[in-house]
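What follows are structure tokens for two forms of the same protein chain, given separately as structure 1 and structure 2.
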Structure 1
């Protein structure tokens, strides 16, 4: 029987391939999810089916050596197993198709139909023992095909058709790899089955099974790329894909983002291995929190939980659970690790949002969470409007840079010893399309975040140098400019400043650079080098906003500052509030002892002006003496000052 022997070798080959798939698969049990367990069941059933098929071929071949009941039992078992395997595979496919669909009705209905189909087939197999319409053994014990030999294939066909229908119905929520599987698997199986029916003497079932298993494994391989290697939850791109699929299917969902801060200190205190273990635990905890929820690792220490939205009450409960858990200490063996965490929540019902929008909303909400006492921001209309305003401001700023619409205003600073306004602070001004001034407190932080501050600082530098070199305001011996972190990150700063001074033939002493503690906290060593290099060239540094919270006072005081500006917040309580007054007095003495001049900022009343002058402040900046003004008004300002002096 050469044909049978040849086909046996194909089956044998298929069995080896399935075993290789199983070994390979066990090697990669990166995430023992329900889905992957189901796939391993499929592989086991495949191997068992092929092995049983080979056993059947053997006993049919050697029917003289085996009693009839052995052959009957083995063949009935084989038919039952083939369809069992195909039904389990169909169920597995069904779960993959509906992986990104929260509505479970489709899954429930199809599961029942699949089970019913199998029960029907099992009944036929039982009846076949008596009636022999699928297969039978003739009097001499030879295997014969019955008229309904292909009924198993028909049932498989129905299963496949149901899956295709289900995939079509939920096509907007099917993942890309699954879409590929659904494009390749059904036609492949149908073609192979037709071949088998046309050439029944060729044993071909093993090949069909292997083809299906291979196609599915390829799907798994691409899924592996989407998983985060440390925590085994989905990564950022799979979060994006999942969001897109759910949005495509108009499914309502809730997203909770957990952003861990200062994780570097956790690593430092408890060791990198414990840090990793904590992240793993946290991700697994989130992943298991909701039966249909999935966790994702969006960034190094940022996680998201994506779960179906089942109304305000259950959404509120879920959010509370997450917040409660992360606000408590994480127990890791004997360790108890406290975490500094920010939360953001977003609920999608049927808004006109894309996945990119949602990621942006979440990012913005997290950025706002610092300002909230509970460190939680629930994305809503007001957050959206705030974000919109920001976006508009950013657009406005970009346009203003292009159209050269940024202005620099000057606030004259009073020199107490000489009684003159021989210095000023340069302050940026921006008008919106209606001509209204946009507060710097709104656009400066935005410019710092987006890197636009770099361009803005050079605009200010250029305008200040131009003003100083003109004879428009001869009264100003110097003007101070505000600098942000970004400027100090590049070597360019030195060249640009000296370049500008040279171009306008200005001595470096005419420019003062104001920096705040925020700038300093970034990289103290680098700042020191930069400051020393610029100081050596003759420029001077002012420490701005002093008194708004210093993290490293000793470090800051070691830097070469020529002058310190006491912040509004200190001056506003002066001289009535005893505590702040004591502080201001001490600071004045301290800085004078260090040979540092002092500017009192935000002086608004004559009482404050008199008090700080009496205490020895060197300079006074405040609305009491002068408000910031456009350069055109400076001449008028100085004219009025002269009038005042003459009047005295």
Structure 2
């Protein structure tokens, strides 16, 4: 019979396509989740359905060679299997539709309905063995369609309609790939079913199955792009997408961020392969921790767990589990690997936040974790207020740059040998909109973090050169200014400094450049080159904040520093604390032996001033002698100092 032969060819082609889809999809690492395993079941059912359909066509065509019970059994199995495949696929689609909906009531109800529809159809198939209202074989053994042959299509239509209604109800929480599937799959299936009904002599079921599987596989391929290639959990873009969908559906959730510090040492000590294996194990542990949670890799060594929020008690227990696990060592074979970890937590309960807001909140919380003893920050009102103050400060700084509102204040430095003030350190100051001073400890780190420090440093240079060239403070011999890493990374640093000095007709010796060891550590080779070039032009360098924890005497000895400034943390215990005194005395002797002058910073009492002077400090800078002041007060300060000298 030619029609059956043609149908067999189409079905055989569809079976080949399904096998190709299965080979393309199969991957042990990717097929780890419940949903991916469910799609794998859909593919296997598709292949089995098409193969069984081909067997049925063959036995129907050769009915004389097979007993009647074989045809009845094969065709009943086919009808049961094709609707079973449809029901499993519908359940798989249901899970994808409700993937970002934590309320499981809708899924439970529809799952029961799908099961009930299939049970109803299975009952019809059992009754069909006696009544033949779906299909039957006449007395001669020829296959005949019954009056209810299309009931299976009706059940599929009901399943499809339920999925569409569910998608419409939860449209705010459906991902874009899933929306495309729901836009393409239903009309495609409906058109193919209509074609099958209009042309009942052509078996088109395999084509319907293949079309559905291909549409679903395209969705899976797009989802793989959102998975991290090393850990097989979601990446940063999928985390942002999941947040947006949870927010869109008003889903309450908890986010826990795990930030691993100094992971380079793990790779160095245990090897790159073990480092990668550790990241994989940590990600998979997080992903399996909560039955409805999902893990993401936000950065190289930063992970997040997104889970439904079930109240403060359950949220606290989940956070405790994460913190406890990551604070313990990780076992890789015989290795016991410790990690240096920071944590942040955020709970969403219908606040007016966007996904971008949440990412910003988490990033800021992690940045604060170093300041906490347990290295954990739980985002709350106080953290938000602190972050908002930071944001307002940044806006203020940007406006101040544009409106030229930054001021340079000067803290006079006492010269011990002459007993006079002839230099000062330039310090940047900023007032808010109410005229109150913004603490430098707040806006300076923020400027360094956001890159504004570059513009601010050049503002300081310009104002200092302008003051030195004026007659406002004639007693000034030199002013020191602080330079950051960004200045020394600029190719224009020498041109800009010399240009500013030439513009105000100043000799290079009147300008001192202060840098910290943290700046040196960024790129020691480049810093050495730039310092040597600038020193050759007549500028001098001061090593600032010596003793704050970055100290590297070997590096200091190699660089052309004219002066070292002992940090106030060393001077605060001097001369009462024996260990501090021994350290300060040693530093003074050492740097003098290196032909470096020494500035004692943070001197606040007469006892400290007398002690460091007696020990041989060259300069003293601190509140005992003078606080930072604006230029107009600075001129008055020097005038009073001259009067005191004349009175002597």
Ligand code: C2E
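In this text, the rigid core denotes the largest set of C-alpha atoms whose superposition between the two forms falls within 1.5 Å. Numbering follows the first chain given and starts at 1. In this text the structure is predicted, and so the values were computed from the model without any measurement.
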Of structures 1 and 2, the form predicted alone: 2
Core-aligned, does residue 490 move its Cα 2 Å or more between structures 1 and 2? yes
Given a superposition on the rigid core, I'd like a yes or no on whether residue 402 shifts its C-alpha by 2 Å or more between structures 1 and 2. no
Following rigid core alignment, is the displacement of the residue 350 C-alpha between structures 1 and 2 equal to or greater than 2 angstroms? no
Once the rigid core is matched, what's the CA displacement of residue 607 between structures 1 and 2 in angstrom? 2.7
